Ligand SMILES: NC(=O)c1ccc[n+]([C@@H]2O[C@H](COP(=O)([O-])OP(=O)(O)OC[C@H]3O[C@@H](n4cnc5c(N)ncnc54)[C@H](O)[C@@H]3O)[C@@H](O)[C@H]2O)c1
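One chain comes next, on its own, written out as structure tokens in the form predicted alone.
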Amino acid sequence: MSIKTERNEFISRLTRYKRICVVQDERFEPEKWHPWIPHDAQIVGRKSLVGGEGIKSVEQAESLWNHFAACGVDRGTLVLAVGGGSITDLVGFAASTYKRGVDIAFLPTTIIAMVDAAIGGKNGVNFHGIKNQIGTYHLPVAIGIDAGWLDTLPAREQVSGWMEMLKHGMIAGEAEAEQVLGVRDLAQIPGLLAASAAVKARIVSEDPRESGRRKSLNLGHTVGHALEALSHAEGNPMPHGIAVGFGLGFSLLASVELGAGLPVVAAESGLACLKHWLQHTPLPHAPAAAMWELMQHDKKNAGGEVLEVWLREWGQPIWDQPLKFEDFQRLWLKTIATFAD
């Protein structure tokens, strides 16, 4: 997996492609991404979408397949996705299934895409209200990261991405966790992007098909995905990373109370950090039963059990941990009370 923070290095990965089909978030100016493609490449098509979780559908994938066909996309054409995680997820899925897979490259424009969504080769769409139920593994030939593109990103979206960076720090090691837990200013985030992206890239390279350690990247995501899905169903969408942030809070409490081994002082440090960043987003008092119903459909589950990720210590995640409803209900109420303080 090739992650490039320098434009010329990214371009060098694309020089063999003479035809490029671009799919971009319509809110991102072409003048920003155009210098990132080879000067002699022909843009055979350009399609604009409004990014957001709602576009990750089979219907939107079909619209892209039609677009690829109209543009004459073939196995020698590169599909370039420019946008946040919903754009890279959708475009990656459409490209990976068109003609049994055409090459893709990503220019992520949000923090959450730069350090998480665009990395790892997972592509997917939502189905029947459940996140990422249909998808593929299809690695991009290159990922380009330009921290300067974050200057105009709204603060709430920056916080959303920062939650994924906090997760990376928690599962990477004690030094990494202490570094990210000490951050209290959005201005510090650009300097940490490359290291955070490298955490995910390293884990993915060790376990590309999620049979072991890659499962640790799901820390906070079972509860986070359920909370995110409920917020969309109720017409008050919560950004993915914000929902994951509350999920991380739940996971820290569970890692202490369900015997995983995380020291109380570590959990308290993590919760204090999360409460600082999430103080302007109230945690909805979602009913435990409604959350549990969605959690039972999580793609990480097996054998009819809800499987979770806990922490023994910073940098020592354990996965495939069964969670019972009674424990979830108790800890979910405690999570709500913790963030209400």
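For every residue, the number given is its place in the sequence shown, counted from 1. As the structure is a computational prediction, the values presented were derived from the model and not from experiment.
A second form of this protein, the form predicted in complex with the named molecule, is not displayed here; the remarks below concern that form.
J.: Please determine whether H280 contacts the named molecule in the model of the complex, using a 4.5 Å cut-off between heavy atoms.
T.: H280: no contact with the named molecule in the model of the complex.
J.: Is there a heavy atom of S251 lying 4.5 Å or less from a heavy atom of the named molecule in the model of the complex?
T.: Although the named molecule is absent here, S251 would stay clear of it in the model of the complex, with no heavy atoms inside 4.5 Å.
J.: Residue-level contact is defined here as any heavy atom of the residue lying within 4.5 Å of the named molecule in the model of the complex; does E257 satisfy this criterion?
T.: No, E257 is distant from the partner.
J.: Determine whether any heavy atom of Q179 comes within 4.5 Å of a heavy atom of the named molecule in the model of the complex, and answer yes or no.
T.: Outside the cut-off, so no.
J.: At 4.5 Å between heavy atoms, only one of the stretches 150-158, 97-105, 73-81, 263-271 reaches the named molecule in the model of the complex; which one is it?
T.: Heavy-atom contact with the partner occurs in 150-158.
J.: Just one of I112, L219, L227, I145 has a heavy atom within 4.5 angstroms of the named molecule in the model of the complex, so which one?
T.: Result of the distance check: I112.
J.: State the residue from A117, A243, M170, V91 whose non-hydrogen atoms include one within 4.5 Å of the named molecule in the model of the complex.
T.: Checking each option against the named molecule in the model of the complex, the one that comes within 4.5 Å is A117.
J.: Taking the named molecule in the model of the complex, which residues of 36-67 have any heavy atom within 4.5 Å of it?
T.: Heavy-atom contacts to the named molecule in the model of the complex: G51, G52, E53, K56.
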